[in-house]
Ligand code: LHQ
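Only one chain is included here, represented as structure tokens and corresponding to the form predicted on its own.
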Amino acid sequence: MRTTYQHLLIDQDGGVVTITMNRPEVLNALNATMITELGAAAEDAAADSAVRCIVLTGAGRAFGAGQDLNDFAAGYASTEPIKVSDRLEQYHRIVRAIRAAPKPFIAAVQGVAAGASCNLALACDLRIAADNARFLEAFARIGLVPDAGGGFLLTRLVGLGKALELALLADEVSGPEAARIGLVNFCVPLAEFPQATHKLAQRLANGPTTAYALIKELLYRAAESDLNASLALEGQLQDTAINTADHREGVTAFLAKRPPNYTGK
């Protein structure tokens, strides 16, 4: 996959690729170039068969401060209405790439994750946070609505009532509190954060990748469908899973009482 970007760092360690948003001088605020690059990098990593887990994180002391409002300076100076829905499609490209990726995406969050940056973290399959993390649906503070998929993602992670609280009051949520309410999966001390992220990513990279892809499809589609449709899909996906090499290896390893050696196939 491509590794050279203006505002991203790409690092591959075995089956794990880490995509690092790299504008630390502005807390990784998302400008047009970074947003476009994130879409491309997410799609590339998703399509690369050598990649079995993807970590999204930020350089320096923050995950991301959200949209760089300097991008809209000219629009604010004009008396003409500003239209951003077309530009939001670039965010939607990233969210779709993460959700459709046939492998796990992990958001690794330390420091602030605000606005659109917060919602890109919520789009990932799993989230690990340092105890200094701060999650902020900042939009109402500047008279906007949650974007980058926030309206969809928030309600499914924490429920409608809590989602309304986070969006309307726009208060910060600490890493430990985010774990308590289900906004993130794990919260660890900052000193342990790099090692814990590495361990989680390697665990997933060494797992049954095809089964992970099918699990993502089943759970994400089940969240938007009725029981009968979900049961039908479950059967279709299990027909695929049971014929994978990883399933056969898992059964063989179980019967032999040894750890499985999954290849992702």
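For every residue, the number given is its place in the sequence shown, counted from 1. Quick caveat: nothing in here was measured; it's all calculated off a predicted structure.
The following text describes the form predicted together with the ligand, which does not appear among the structures shown.
Although the partner is absent here, Ala114 is a contact residue: one of its heavy atoms lies within 4.5 angstroms of the ligand in the model of the complex. Within 4.5 Å of some heavy atom of the ligand in the model of the complex lies at least one heavy atom of Ala138.
The closest non-hydrogen atom of Asp147 lies within 4.5 Å of the ligand in the model of the complex. Taking the partner from the other structure, the ligand in the model of the complex has no heavy atom within 4.5 Å of any heavy atom of Arg221. Site annotation in the model of the complex: the residue of Ala201, Ala29, Leu38, Val51 reaching within 4.5 Å of the ligand with a heavy atom is Ala29. Only one of the listed residues (Glu165, Asp131, Glu177, Glu172) places a non-hydrogen atom within 4.5 angstroms of the ligand in the model of the complex, and that residue is Glu172. The putative spot formed by Ala65, Asn70 and Leu88 is fully lined by the ligand in the model of the complex; each residue has a non-hydrogen atom within 4.5 angstroms of it. Stretch 114-122 is the answer when you ask which of 98-106, 152-160, 114-122, 187-195 has residues with heavy atoms within 4.5 Å of the ligand in the model of the complex.
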